[in-house]
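Here you get one chain, nothing else, as structure tokens; it is the form predicted alone.
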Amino acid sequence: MKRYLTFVWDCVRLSFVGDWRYHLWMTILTVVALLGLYAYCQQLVHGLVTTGMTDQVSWGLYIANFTYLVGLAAAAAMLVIPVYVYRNMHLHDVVVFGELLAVAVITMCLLFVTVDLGRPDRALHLFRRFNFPISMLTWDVIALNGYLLLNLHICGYLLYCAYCGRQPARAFYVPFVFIAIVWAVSIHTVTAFLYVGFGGRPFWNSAIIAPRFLASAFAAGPAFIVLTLQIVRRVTRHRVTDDALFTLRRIMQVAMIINIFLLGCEVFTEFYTDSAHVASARYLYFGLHGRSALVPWIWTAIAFNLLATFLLVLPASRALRTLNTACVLAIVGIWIEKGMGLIVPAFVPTPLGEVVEYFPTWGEIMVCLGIWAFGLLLYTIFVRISVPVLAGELTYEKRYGVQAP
């Protein structure tokens, strides 16, 4: 226990050590996170009336970010599967970065759900009346918290073993790795079922929602990790090979093609059949009754996704500059498509036929930015700690001159 507490203390101490770029980045994130906390305090005092949500559109920017981040959390599986299932050693040294990303992102997901509740004490009602297995919401609670605990165990155990200078026992983490692979798929599938199960929102009533969620998640997640690994390689001495980056590029290629195909299938089904429930899709893509707030956003997302897919298929994406451009386009395009492009149109028009548009307020935007800043702050600290530990620069023996048993 004493050695473990020493490990925790060294990690805390190391999180404050860095050059001017590190301190500047952490200062900016801290300031934005505090501004977001201030905006949330205002919301907590005055209620959800400070947001742009109404009785007609009851889910907005908070749930849009939640939906996107659940997929980003599944990105850890895209590193784990090649390493532990297909024995691809190119990603072996960087798999922990995907697991750490999952921890930070799931924390952000839980924060977005909390701020969307309006009053955090309302969460107690869920645990007092845990309507399992009938309620899909209880399934989502189990999936998110279970995935968080799995990744915390895997990352914590691997880093602690590296700190102690000993090989990790496979029995203590490999079974949890395979459980986490299945769990990564389940968290996004359960989230998709949460939307699909709303019978009164026909825009979501499609069996293709869950496969779309997974395809977009397996594209945006590796894209984020590709950018992260290049920053780690540039500012540290951690060894990140180009082969690892190009392995993730191949995963992104397939995932983006499938995502575009599934989106095309859904658009065809909606507009070719011209059913009575096409109004939400028409509002999203072309506007409805003169209301078209989301039209430029969704067409921007489609353009970004198509361009990202085109760049990834080209041999030119073997150049890191082109690959980085494709990653940024995929991240932004999928964020719009899976966020505001999926959540808000389901509420327009209402079951009574009202067309009420949703516009997020500045307070709402600041809360979202604050949560994003806090999540990036956590992930930066995790990476800052893990790099020297995994590289063998920070160990119990080097720190205290005593070999850990």
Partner chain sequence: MNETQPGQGGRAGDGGPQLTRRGFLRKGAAAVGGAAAVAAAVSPLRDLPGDDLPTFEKFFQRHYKEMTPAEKEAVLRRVEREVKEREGVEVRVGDPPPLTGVEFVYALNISRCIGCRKCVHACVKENNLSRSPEIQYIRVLKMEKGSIDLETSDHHYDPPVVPEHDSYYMPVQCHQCKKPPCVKACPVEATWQEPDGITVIDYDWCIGCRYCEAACPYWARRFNFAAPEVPAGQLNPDMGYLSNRPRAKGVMEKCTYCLHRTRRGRMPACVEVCPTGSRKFGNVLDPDSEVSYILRQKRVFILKEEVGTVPRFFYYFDERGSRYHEPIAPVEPGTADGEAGT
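All figures in this text were calculated on a predicted structure; none of them were measured in a lab. Residue numbers count along the first chain shown, from 1.
Below, we refer to the form predicted together with the partner chain, which is not included among the displayed structures.
Proximity of Gly199 to the partner chain in the model of the complex falls within the 4.5 Å heavy atom cutoff. Though the partner is left out of this view, Val383 does not reach within 4.5 Å of the partner chain in the model of the complex, counting heavy atoms only.
Under a 4.5 angstroms non-hydrogen atom cutoff, the partner chain in the model of the complex has Phe130 among its neighbouring residues.
For Ile28, no non-hydrogen atom is located within 4.5 Å of the partner chain in the model of the complex, even though that partner is not displayed. Shown alone, this chain has one stretch from 66-74, 375-383, 335-343, 44-52 that lies within 4.5 Å of the partner chain in the model of the complex by heavy atoms: 44-52. Although the partner is absent from the chain shown here, none of Glu99, Gly146 and Ile371 has a heavy atom within 4.5 Å of the partner chain in the model of the complex. Think of it this way: in the model of the complex, the partner chain has a heavy atom of just one of Leu124, Val295, Ala316, Val254 within 4.5 Å, and the residue is Leu124.
Although the partner chain is not shown here, in the model of the complex the stretch 103-121 places heavy atoms of Asp116, Leu117, Gly118, Arg119, Asp121 within 4.5 Å of it, in sequence order.
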